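Quick setup: one chain, the form predicted alone, written in structure tokens, and binding and motion questions come after.
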Amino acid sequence: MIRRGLRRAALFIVALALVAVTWELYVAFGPEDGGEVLGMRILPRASERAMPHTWEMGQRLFDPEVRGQDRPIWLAVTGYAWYTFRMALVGFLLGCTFGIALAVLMSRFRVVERGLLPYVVASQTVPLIALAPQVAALGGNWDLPKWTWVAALGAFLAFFPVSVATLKGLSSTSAASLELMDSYAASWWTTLTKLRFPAAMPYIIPGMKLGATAAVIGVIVSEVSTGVRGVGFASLTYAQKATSDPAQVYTAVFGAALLGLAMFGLVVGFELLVMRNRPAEGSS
């Protein structure tokens, strides 16, 4: 387990190095005014104003956020990311609770699954950038704190992968195992908690990993739309200085990326906890 963790950490560092090298190569040899592929203008500009050097981004982290002040930008971004992290965590937990409960309901009653699942899928086609202001207005009518409806939008994105994965996992229990529980006259609740849920964990965990990162995305997009002062708000604020200080824009991007990794790491820790005594052949 330790060896596998070290190997993954080394691969992660190598991947970051490859991204940095690719970035610098494109800055050095890419088209300064951008370019087209198959008639579509998708190649970014390779100028230093549009794509600052990686070492400039790293150096900018230790410079003051605002000229004339002492607070370094890494400390400011950490504060923004911590605020966003708490909202994303609340949204993720709400999304997991609702998603798992919905999956249990659909697994218990097939008519509910047939009637509800298409709407669950369709809910993810709603553009969050358009939904966020509507939810913000609704929260204002109810006099709720801003962070509550931002967390709710994170839960909106998180519940879908958790719900679908849980439903798939609950349906994966073998017929022989179900017949054995029936032969013991086990109740539906006992079968759910003692058989179906343990069998579904290899499906639920990947869904939770997707839900954790989706919750971060939902919260950040909601901050951009509504002005809640998290890392999404910082990204929008720093973007206004993109012409004069392009490296500062990417410091907020670093904060958002680390935030997503932190949420993903929480789920990995939960996975290690619940799967530690599981036979290897059962978790493959």
Partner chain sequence: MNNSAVVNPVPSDAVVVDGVSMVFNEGQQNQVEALGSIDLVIRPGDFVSLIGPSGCGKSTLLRLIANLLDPTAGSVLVNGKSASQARVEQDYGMAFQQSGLFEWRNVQKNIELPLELKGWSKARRRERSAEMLELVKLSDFAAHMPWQLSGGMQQRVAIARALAAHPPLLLMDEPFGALDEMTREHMQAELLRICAAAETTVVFVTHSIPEAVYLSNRVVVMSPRPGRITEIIDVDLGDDRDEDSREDDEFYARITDVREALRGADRVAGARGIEDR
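Positions refer to the first chain, counted from 1. Owing to the predicted nature of the structure, the values given are computational and were not obtained by experimental measurement.
The form predicted in complex with its partner chain exists for this protein as well; it is not shown, and the discussion that follows is about that form.
- Contact with its partner chain in the model of the complex holds for none of T78, M87 and T148, as no heavy atom of theirs lies within 4.5 Å.
- Only one segment in the set 18-26, 5-13, 257-265, 270-278 has residues whose heavy atoms sit within 4.5 Å of its partner chain in the model of the complex; it is 270-278.
- Using a 4.5 angstroms limit between non-hydrogen atoms, K168 is distant from its partner chain in the model of the complex.
- Remark: A199 counts among the residues lining its partner chain in the model of the complex, judged by a heavy atom distance of 4.5 Å or less.
- In the model of the complex, its partner chain sits within 4.5 Å of a heavy atom of A185.
- Its partner chain in the model of the complex comes within 4.5 Å of no heavy atom belonging to L210.
- When its partner chain is considered in the model of the complex, only one residue from A101, L93, L180, L116 comes within 4.5 Å through any heavy atom, namely L180.
- For the options A152, V120, A132, L195, the one in contact with its partner chain in the model of the complex, meaning a heavy atom within 4.5 Å, is L195.
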